[in-house]
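Only one chain is shown below, in structure tokens, and it's the form predicted on its own.
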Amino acid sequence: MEHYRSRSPISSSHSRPPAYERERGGRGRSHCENQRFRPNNQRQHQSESAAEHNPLNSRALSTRRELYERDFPVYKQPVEVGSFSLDSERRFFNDGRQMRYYVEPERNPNFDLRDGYKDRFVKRDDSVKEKLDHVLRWVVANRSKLNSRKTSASSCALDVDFVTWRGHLTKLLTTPYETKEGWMLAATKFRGTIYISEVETEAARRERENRTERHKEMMYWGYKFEQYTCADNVHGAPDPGGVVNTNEAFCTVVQTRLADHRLLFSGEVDCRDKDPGAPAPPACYVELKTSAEICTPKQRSNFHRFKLLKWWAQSFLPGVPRVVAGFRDHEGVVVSVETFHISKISQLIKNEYNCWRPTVCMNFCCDFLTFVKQTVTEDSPSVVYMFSWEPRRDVTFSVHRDSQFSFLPHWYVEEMTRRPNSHHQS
């Protein structure tokens, strides 16, 4: 999807190409440096020197890029453990019925992205906050795949440290370079696993409620590009005369490990390669994007420094290997199409001055998860640790008990508290 928002300059240095790293003897554990953790001013009674030497007592996490300039952390090749679909009414199905197949367009297709906006567009209500509910429904339906091998009554219900959406992790990867938008991430520990769910900030709410008509239409353009390039079945053709319904989605669920953090997350997938010889998921998936056409060196530089950062982070996390981009003119007509291979993006940006570094992104995400593990100690679905960040500030947190921020549904807590051998898959 295209996000219509201006970006400010950022600064960092060049990067070597990132790659998924396999298991190795030293487990690739990334040790946190004390200076990344800072005592919060709210705890003036706490010894600052003590906090510096003991991250467990730290109240804040720095986002300064230079602190994350070190070797790329071990990131295990993501493995798809399942998928699910959301239909035109946003109902959950534990299957792949919403999967679509990529149909390669011409290099200069002249797709009109405005077509259908006024009369063939059903927009999802983005004021409804779904939190982690769809991911949790998948977990319940596939609990046997995730049951812990441990037998202790106090052990994890799932064999993972974190459950979240891919989009939340994408925000973490881009945080060291973000200059405009802050975030709030709620974390709850339940049966040994930490669940992370985004909370809309006041600034994001104001932006959502005050979008211009032009902005709303440009958001539609990304979905329309998908309609021009996707078929509903492997032998089908795109149907650009149909209805665009943004309630519909196909989502992959992947497991991986970042240093010593075991992750389970889900993310929406635009389509897959229809070639019968294509690799297994997630390596067969294709991400579709739109962007303004590039006419000047300055525009190309901004594209490398800002947009490619988001595209790389979003696709690298679940192991999606390529992004197909439709470059459109001011009137919303796609004038060219280009494919970007995720493994080659770091080479594209290496000569760009003040550009982002994949290693900084991944190390910050890794250290944030360590910070969350050290902070979220109480195992209770009614306790929420709210992590907040604004550009040029440290990450801080607050604790909320029995508050409006609680996000694990009662049905999920009850289902996951039952004995595994009494569980029946839905």
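All values derive from a computational prediction rather than experimental measurement. Numbers follow the displayed sequence, beginning with 1.
The form predicted together with a small molecule exists for this protein as well; it is not shown, and the discussion that follows is about that form.
**Student:** If you check in the predicted complex, do Y75, Y195 and M362 all have a non-hydrogen atom within 4.5 Å of the small molecule?
**Tutor:** The answer is no: none of the three residues contacts the partner (heavy atom, 4.5 Å cut-off).
**Student:** Within 4.5 angstroms, counting heavy atoms, which one of the listed stretches 106-114, 67-75, 166-174, 291-299 is next to the small molecule in the predicted complex?
**Tutor:** Selected stretch: 166-174.
**Student:** Exactly one of E287, E217, E80, D161 has a non-hydrogen atom within 4.5 Å of the small molecule in the predicted complex; which residue is it?
**Tutor:** Spelling it out, the residue with a heavy atom inside the cut-off is E287.
**Student:** Taking the small molecule in the predicted complex as the reference, which of H330, K129, R206, R91 has a non-hydrogen atom within 4.5 Å?
**Tutor:** After the contact test, the surviving option is K129.
**Student:** So, in the predicted complex, is L86 in contact with the small molecule at a 4.5 angstroms heavy atom limit?
**Tutor:** So L86 counts as contacting the small molecule.
**Student:** Can you tell me whether R124 touches the small molecule? I mean in the predicted complex, with a 4.5 angstroms heavy atom cut-off.
**Tutor:** Contact check for R124: yes, within 4.5 Å of the small molecule in the predicted complex.
**Student:** Although the small molecule is absent from this view, report whether E268 comes within 4.5 Å of it in the predicted complex, heavy atoms only.
**Tutor:** Within the cut-off, so yes.
**Student:** Is Q314 a contact residue for the small molecule in the predicted complex, using a 4.5 Å heavy atom cut-off?
**Tutor:** Answer yes; at least one heavy atom of Q314 falls within 4.5 Å of the small molecule in the predicted complex.
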